[in-house]
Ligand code: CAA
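Take a look at this single chain, the form predicted on its own, given in structure tokens.
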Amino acid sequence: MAQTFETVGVVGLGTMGAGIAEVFARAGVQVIGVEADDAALDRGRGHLDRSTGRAVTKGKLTEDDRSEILGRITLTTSREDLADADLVIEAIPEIMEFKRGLFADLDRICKPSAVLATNTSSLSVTAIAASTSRPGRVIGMHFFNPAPVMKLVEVVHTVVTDDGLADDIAALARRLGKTPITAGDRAGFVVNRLLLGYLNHACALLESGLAGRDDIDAAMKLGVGLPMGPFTLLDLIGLDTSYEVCEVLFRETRDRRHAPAPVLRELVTAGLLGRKTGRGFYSDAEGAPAAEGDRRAASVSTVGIVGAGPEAAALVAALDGAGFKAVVAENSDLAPVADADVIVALSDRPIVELAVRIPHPDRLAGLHLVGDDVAEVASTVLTSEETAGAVRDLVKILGRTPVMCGDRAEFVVNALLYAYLNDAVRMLESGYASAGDIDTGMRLGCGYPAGPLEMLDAIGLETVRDGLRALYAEYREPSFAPVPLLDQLVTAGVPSIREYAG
């Protein structure tokens, strides 16, 4: 029989804990909110008052609704008041020592049937449960900030969680109006494990000099359709929080991709933590980038294009329409473009081998069209500044945002995207989260336009597999090697990973 939860305790009433308390109270559940002292309790009360007040101002609650919600929340500084709670959720700082001490105390106070839940975003639920005499009644219930708004809840079970408890907690999340996903107890669970690997990878590409901060952010926001670029998101999350999650991931996986990038460590050590301190990768003092006039690439009249197919034809038509003469080399014979003012090679792979085959290698740049709005402009070690600038201006004339980058495998977008998709396949292969839950987690938890496995199917399994092989050949990073499951699906001719996963 499914367990019901009529009285819920919340320990820790910071922004997250107060939001969790509000969510339960909105659903008609009696809530006992606990803080360490009167000052902290007053701050928690302030969070509740402001959040519900904003809802009234926006017309999402009436004053009567607000009074009823707040009336269901009892605030106290005594943990002993949780003795009869059916469920207690902790929302205290992400420090294992603190959490284990709290759970040992809750184990002593709460009735034997009570469920003890942690809102941790990345720490081991198993380690927390081990501090109690009821590890089977301990579970992860990870809300996302702000809890009253975000629809996702990660339900995290351990190897000793009581049978059926994860289902009961998922049912409770649905009662709260949330969408639950279920995962095993792996560092970072679903969302943070995938998200922080991607964000840390972006830091590594920045440090390598492949592309600049603004270019990488523009590439992922405009090219992939993500809500914001990785560095904007890191500043929003907090660089200290991101650093700590990466540390947790690395301690479990020993994957170099999870080892915090040195630039992240340096910024955190300097106290530059993002929006919370006014400066991180970006600074509050920075104005918007100055708008550059679209220069007409005055020195360019003829544009050579190395490539074939619809993409090349569309580029020829666009250049002709903008008043440039376009010539095309569709095969290994580069003679037709040898004397063009600038030459662009349509590619997402390094093009320096093409450069050494033409009389003027300084005139060649790579061009990777991403979606409808972005074009990556890749410079080899031979590409002149004049050529890079001219191609950048051509891209603007064609109505796209240029992303300037180095001549490396998969350039920027695919390098970040394919590695992220590979991580999602690795997660699926390990069996600790389902395909549906992985996709739902990233859509609802991060606001992505599609889940990673949905993206993988849309791009094509073979395309991603081959791109990963190119990344591995370039960087020799083990985590870039295609996950065996992806390789096997491509070899077997399976067109959809989601259909395979059921």
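All values derive from a computational prediction rather than experimental measurement. In this text, the rigid core denotes the largest set of C-alpha atoms whose superposition between the two forms falls within 1.5 Å. In this text, residue numbers run from 1 along the sequence as written.
The form predicted together with this ligand exists for this protein as well; it is not shown, and the discussion that follows is about that form.
### Message
in the predicted bound form, is there a heavy atom of this ligand that lies within 4.5 Å of any heavy atom of R43, even though the partner is absent here?
### Response
No.
*Using the partner position in the predicted bound form, report whether V29 sits within 4.5 Å of this ligand, counting heavy atoms only.*
Output for V29 is no: heavy atoms all beyond 4.5 Å of this ligand.
Partner proximity in the predicted bound form: H142 to this ligand, non-hydrogen atom cutoff 4.5 Å: The answer is yes: H142 has a heavy atom within 4.5 Å of this ligand.
* **Contact of L319 with this ligand in the predicted bound form (heavy atom, 4.5 Å)** => No, no contact at 4.5 Å.
query: Which one of these stretches, 190 to 198, 328 to 336, 347 to 355, 386 to 394, sits within 4.5 Å of this ligand in the predicted bound form when only heavy atoms are counted?
result: This holds for exactly one stretch, 190 to 198.
Q: Check, residue by residue, if S51, S121 and V149 all come within 4.5 Å of this ligand in the predicted bound form, counting heavy atoms only.
A: Spot residues vs this ligand: full contact, yes.
Sort through A83, M96, M228, A130 and report the residue having a heavy atom within 4.5 Å of this ligand in the predicted bound form.
Selected option: M228.
Point to revise | Candidate from A183, A211, L233, A173 lying within 4.5 Å of this ligand in the predicted bound form - any heavy atom | key: By the 4.5 Å criterion, the partner-contacting residue is L233.
Once everything's superposed on the core, is R443 shifted 2 Å or more at the Cα between the shown form and the other one?
Comparing forms between the shown form and the other one, the R443 CA shifts below 2 Å.
V149 C-alpha shift between the shown form and the other one of 2 Å or more, rigid core reference: Where the cores coincide, V149 still shows a C-alpha shift between the shown form and the other one that is 2 Å or more.
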